[in-house]
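We begin with a single chain expressed as structure tokens, specifically the form predicted alone.
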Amino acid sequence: MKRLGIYGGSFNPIHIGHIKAANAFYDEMKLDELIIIPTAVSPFKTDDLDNDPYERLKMAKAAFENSDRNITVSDYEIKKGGKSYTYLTLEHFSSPDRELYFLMGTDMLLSLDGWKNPDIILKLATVCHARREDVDSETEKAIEEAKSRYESEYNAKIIDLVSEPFEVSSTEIRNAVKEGKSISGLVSPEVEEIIKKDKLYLSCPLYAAVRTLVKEKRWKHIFGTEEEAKALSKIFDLSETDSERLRRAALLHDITKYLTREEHLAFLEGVGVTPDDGTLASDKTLHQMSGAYMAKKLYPDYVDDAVFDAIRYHTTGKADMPLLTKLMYLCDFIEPTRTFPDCVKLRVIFYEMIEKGNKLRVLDEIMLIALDMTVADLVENGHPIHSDTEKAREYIIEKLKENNYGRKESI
């Protein structure tokens, strides 16, 4: 019989304590294989915006990729989706040629009879209990009572592991990242690198939230747009608050990109918005409208009027655009992952011109070039030109003629 270990959890993020527990479990139970299974949605924890299942899966794989033990990471629960019930997972991995061993901590053991179908769990697997470090006499008594109850009621097989726990909290790690503190020694170097590179657990939880709404290719564009937003914030001397606004708009501007036309319209109808004929003429213009309202609905604490406007007009532009809306339009157009010839050309022109003149005037000159490029592309491909785009061009042309760039522009 193959001795197969199952170790599930949120792993948000997976840390040194998890790795030490997994290795001790493997060694003490003399397992042939151990499967680490990140949950999709825990039945016991309120899902939060930091809790991106695919990021957690990525980190778990990185944590064990160089293990000298036969430890693998499974995407079973994440791919299945919905709440992750242990009895279903054990049924999935159960077979006549396997002995299942299921690792759990003290809190889990004490609450096991409140889980869904505990009888199936205890029938399919031997429970391996890893004690917390801070177990007092009262808790120890509760553990023994629970074990006795499970053995009596379910004929359960429960084994206490003897390895010493390494106490560290995932919450502690997330908070440390948000506060800019070091997490070295709490997670593996590979996991630390992912947290830094993918900007996980920062003060603004939109990174992981947006990643659950878009595909990987779209995320690269969104991430590039947010990086461009940071660069433009410095160039135009935005305040910390306004820089954060621009970055939020960049992160949220494409969250409805993958809705079908019918889904765009159904959502807008649901929030009491009727698109004009120009917006209805193209899915590109629909997504900027639905994206703005969706962002406001999902993340009201992060989307004020300025952020809403920047998302709402990032494709068409409009007359008399506030500075934030212009910068969002430009971020979307010239971010570094864009490889369309016009985007590459405009990026080069912008960074050459911005060093030579009044920044606000250069911005309008670049906006006019971008709008002209957009109009030319629409005409070439037989697509209608939105009236907002025409009005944006006309407004900027007149403004450039006036050449009044001595005042600070409103956000």
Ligand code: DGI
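We number the residues from 1 along the sequence you see. If you're wondering where the values come from, they're calculated on a predicted model, not measured in any experiment.
The same protein also has a form predicted together with the named molecule, omitted here; what follows describes it.
Worksheet item: Would G357 count as touching the named molecule in the predicted bound form under a 4.5 Å heavy atom rule?
Response: Taking the distances in the predicted bound form, the answer for G357 is no, it never comes within 4.5 Å of the named molecule.
Item to complete: Answer for H386 alone: is it within 4.5 Å of the named molecule in the predicted bound form, judged on heavy atom distances?
Response: Because a heavy atom of H386 falls inside 4.5 Å of the named molecule in the predicted bound form, the answer is yes.
Discussion item. With a cut-off of 4.5 Å between heavy atoms, is K123 one of the residues that contacts the named molecule in the predicted bound form?
Written reply: No, K123 stays farther than 4.5 Å from the named molecule in the predicted bound form.
Worksheet item: Would T285 count as touching the named molecule in the predicted bound form under a 4.5 Å heavy atom rule?
Response: Flag for T285 set to yes.
Worksheet item: Which of 150-158, 248-256, 182-190, 96-104 has heavy atoms within 4.5 Å of the named molecule in the predicted bound form?
Response: Contact criterion met by 248-256 only.
Practice prompt. Could you work out which of K199, R338, K318, R131 is the residue within 4.5 angstroms of the named molecule in the predicted bound form, going by heavy atoms?
Written response: It is R338 that has a heavy atom within 4.5 Å of the partner.
Discussion item. To verify the annotation, which of these, H314, R211, R174, H264, has a non-hydrogen atom within 4.5 Å of the named molecule in the predicted bound form?
Written reply: Only one option qualifies, and that one is H314.
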